[in-house]
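One protein chain, two forms: both are listed below as structure tokens, the first as structure 1 and the second as structure 2.
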Structure 1
Amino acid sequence: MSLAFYHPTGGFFERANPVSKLIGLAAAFVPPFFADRPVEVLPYFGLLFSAALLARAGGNLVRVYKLMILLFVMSIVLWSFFYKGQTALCTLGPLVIMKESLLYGITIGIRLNCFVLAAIIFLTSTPIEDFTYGLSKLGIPFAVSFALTLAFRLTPLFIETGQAIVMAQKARGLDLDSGGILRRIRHYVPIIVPVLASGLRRADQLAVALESRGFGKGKKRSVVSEFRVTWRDYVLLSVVLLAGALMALYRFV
């Protein structure tokens, strides 16, 4: 199974301009900050969830649903301690759960999951090459945009390498599951060393490949595909901005 999030579908989001998708991604992070109660942020969460289904990101959502649940639960637990309220809801030993604290923790949990949904939509519908193109069109130097997108390229490779090394070491009799936490950490030393060695080897090969192709010479770079602004870009940005405007009006008016 591929560890990359991008899945070519030819759908609405994939055919949008990468610049519009980057701007839309940044704008999508803003509306949840206008919500202080669950009822205010839930409609926006539903909008993003529907957009994720439209982008055919269901497979990626299945991959990150545990993270989303963890963020939601940890938000409730932490804000129950650190957010002060006035209305006692229940008592758990020495801990008094306040109604305001619980509602605020739920709001923050939904807000964090909104960020995850927006990122999943972007990663599902945007190839790494389009990501680099969008960053360059926004005025970011190519070297910087290439370094940013390189993380998306290499992270799946490192994970796949680690998984292959784990299977190889288990085939040789290495027991990674028995013992306490400290014992398990010591067992992972034979895995960390080859992963680091593989990473250094890949970095050296990448440096040689980039130098052979004239990376950093300062010449104007050509691109494989040029993107135009179409009706999809106007619809995408209009929906995100309208959602933010409605939430801001509800919050301040």
Structure 2
Amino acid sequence: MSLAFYHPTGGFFERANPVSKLIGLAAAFVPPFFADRPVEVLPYFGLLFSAALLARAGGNLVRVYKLMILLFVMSIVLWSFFYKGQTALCTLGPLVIMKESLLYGITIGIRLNCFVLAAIIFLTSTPIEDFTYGLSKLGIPFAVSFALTLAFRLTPLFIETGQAIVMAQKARGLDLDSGGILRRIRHYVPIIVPVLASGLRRADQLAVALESRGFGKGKKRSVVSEFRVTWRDYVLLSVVLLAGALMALYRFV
């Protein structure tokens, strides 16, 4: 099971400073909120899509395209049916589809997909170490960013353990798909308990290993790789801020 979106390409985004990428990601989430109609948010979607291709995130987009379609369709369906517009477009049985509702649903659907694209660009071009380096530089204490890194690293191991336990329990006759809702949830107990028990065993070993290497004793920590601010960071942040400013101007002026 492949979990990580990151793959090394050495491209523009990957070589940008992780701090700029984190700030850029946060800033990239803002512009879609300035749009209330599909035509207002579509150019930004196009910009992010182009950036995703530049980041060589095509493979990851293929991995998440179903999610993107689902978000878009669900958004249109929900808002079309339940947002009260004024101009009737068509009727589906007892339901009247309003033009404003449909347009708003499309806007929110594209907005959600903008978030997915921005996240995919970031995740494709940023390894976990760079992510936590960025968090540290933004003022997150080392212990916190270390715990987050460790959790990222342990997750695939835990998932592998869980899948091995599922196979073992199924071989012993565990049926995860029968019964009502409560019964089906309870079927997971013989899986969750061994997963947690193996986690606890790891926790004890990890804590001993960390302490034996003096974890938490030094106040000033060094890092393996330092990142400098380069022209890439200025370009990245300028493009995101410019896009946000243009959309805000279009909306409010």
Partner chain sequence: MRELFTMWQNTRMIVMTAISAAAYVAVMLPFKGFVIIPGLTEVRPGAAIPVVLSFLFGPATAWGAGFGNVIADALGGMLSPGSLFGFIGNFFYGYLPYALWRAFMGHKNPVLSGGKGWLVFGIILVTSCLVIGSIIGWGVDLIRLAPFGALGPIIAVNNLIASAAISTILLALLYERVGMWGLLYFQILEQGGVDEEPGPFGRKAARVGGILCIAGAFIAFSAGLIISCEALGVGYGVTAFASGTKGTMAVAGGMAPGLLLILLGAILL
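What we label the rigid core is the largest C-alpha set whose atoms superpose within 1.5 Å from one form to the other. Bear in mind the structure is a predicted one, so any value in this text is a computation, not a measurement. Each residue is numbered by where it sits in the sequence of structure 1, with counting from 1.
Here, the chain labelled structure 2 is taken from the form predicted together with the partner chain. Superposition of the core reveals a Cα shift of less than 2 Å for Ile128 between the two structures. Here Pro43 does not count as shifted, since its C-alpha moves by less than 2 Å between the two structures after the core is aligned. Ala26 shows a C-alpha shift below 2 Å between the two structures [criterion: core-superposed Cα displacement of 2 Å]. Core-based superposition between the two structures puts the Cα shift at Val208 at 4.3 Å.
Once the rigid core is matched between the two structures, the CA atom of Ile181 is found 9.0 Å away. Relative displacement of the Phe152 Cα between the two structures on rigid core alignment is 3.6 Å.
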